[in-house]
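Next up: a single chain in structure tokens, the form predicted on its own.
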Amino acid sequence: MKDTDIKRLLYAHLLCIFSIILSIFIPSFFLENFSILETHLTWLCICSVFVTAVNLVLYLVGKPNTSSKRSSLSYKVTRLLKCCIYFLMSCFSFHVIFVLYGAPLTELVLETFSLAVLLSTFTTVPCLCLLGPNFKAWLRVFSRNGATSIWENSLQITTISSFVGTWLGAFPIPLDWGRPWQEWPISCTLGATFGYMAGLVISPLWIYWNRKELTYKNN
């Protein structure tokens, strides 16, 4: 494992963190009274777009060379359609899970689905960029010792940290503090965002400190 690979991973993650920061400050120059709390749904959409755009740019810049068959237009269109289907399935699946765990069934539907979109952006989009619409590859990566590169290791950490952040963000909701950020789903979206950002910071550091112990089958 080369230190340059870890540096590339760190720089890519810093770009993802920077995209979230931009989603907070740039819209305030164009939208009146824009803030994470006051215009939460708007921020959710903007944040999802910014993070997705950065992941796509990183994929296009760093993707490996493909064969002529995989570079054909039909292959690219088919892959894009599959990725869109996977993303929509992820959004609807997360929405159902949130409802099963106590989110309102008929009220605040848009808010719940927006949270599902944000969480899919933090978890499913990187999987699609790195692994493609290949469910077997997803199962391999998220199984024990299934990662074959530092990028897949970082994918494990950022995905788990996003889930944990969302879960922790639900704890303040039933408390009677009366804070505006306790309204559904603000605390969960903030938890998911902080969890994702924490995973982006932790994963390169964890890989660096464990680089001597990490071995990959394709190395």
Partner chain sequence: MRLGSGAFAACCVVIEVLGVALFLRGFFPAPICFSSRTENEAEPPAPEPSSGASSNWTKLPPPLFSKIVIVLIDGLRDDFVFGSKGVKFMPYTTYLVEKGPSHSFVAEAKPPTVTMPRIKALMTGSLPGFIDVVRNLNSPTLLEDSVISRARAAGKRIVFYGDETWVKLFPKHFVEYDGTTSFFVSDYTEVDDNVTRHLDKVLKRRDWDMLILHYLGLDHIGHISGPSSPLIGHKLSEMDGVLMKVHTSLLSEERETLVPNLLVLCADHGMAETGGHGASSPEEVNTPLVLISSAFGRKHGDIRHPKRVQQTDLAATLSIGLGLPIPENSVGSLLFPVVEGKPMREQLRFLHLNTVQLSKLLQENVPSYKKDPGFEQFKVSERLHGNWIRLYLEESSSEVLFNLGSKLRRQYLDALRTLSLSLSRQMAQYDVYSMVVGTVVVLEVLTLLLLSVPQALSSKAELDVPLLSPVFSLLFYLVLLVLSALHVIVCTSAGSRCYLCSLSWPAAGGVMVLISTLLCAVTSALAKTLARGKLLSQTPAHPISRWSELDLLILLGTVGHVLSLGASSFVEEEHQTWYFLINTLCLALCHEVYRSCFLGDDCGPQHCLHAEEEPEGATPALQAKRADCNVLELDAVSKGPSSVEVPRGCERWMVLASPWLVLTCCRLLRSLNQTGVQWAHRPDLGHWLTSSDHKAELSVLAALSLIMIFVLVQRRCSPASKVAMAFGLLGVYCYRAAIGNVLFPWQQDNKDISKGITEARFVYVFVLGILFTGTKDLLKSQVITTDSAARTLGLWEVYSGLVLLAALLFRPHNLPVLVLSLLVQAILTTFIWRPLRHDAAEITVMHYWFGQAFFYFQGNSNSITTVDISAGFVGLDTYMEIPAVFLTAFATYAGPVLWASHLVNFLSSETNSSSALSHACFCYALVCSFPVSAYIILVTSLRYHLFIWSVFSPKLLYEGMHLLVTAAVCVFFTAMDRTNTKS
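All of these numbers come straight from a predicted model, not from anything done at the bench. Residue numbers count along the first chain shown, from 1.
The same protein has a further form, the form predicted together with its partner chain, not shown here; the description that follows concerns it.
At the 4.5 Å threshold, heavy atoms of residue 180 stay clear of its partner chain in the model of the complex, well away from it. By the criterion of a heavy atom within 4.5 Å, residue 74 is excluded from the residues contacting its partner chain in the model of the complex.
Interface membership of residue 176, defined by any non-hydrogen atom within 4.5 Å of its partner chain in the model of the complex, is confirmed.
Residue 103 belongs to the set of residues with a heavy atom inside 4.5 Å of its partner chain in the model of the complex. Partner proximity in the model of the complex, defined as non-hydrogen atoms within 4.5 angstroms of its partner chain, places exactly one of 123-131, 110-118, 74-82, 93-101 at the interface: 93-101.
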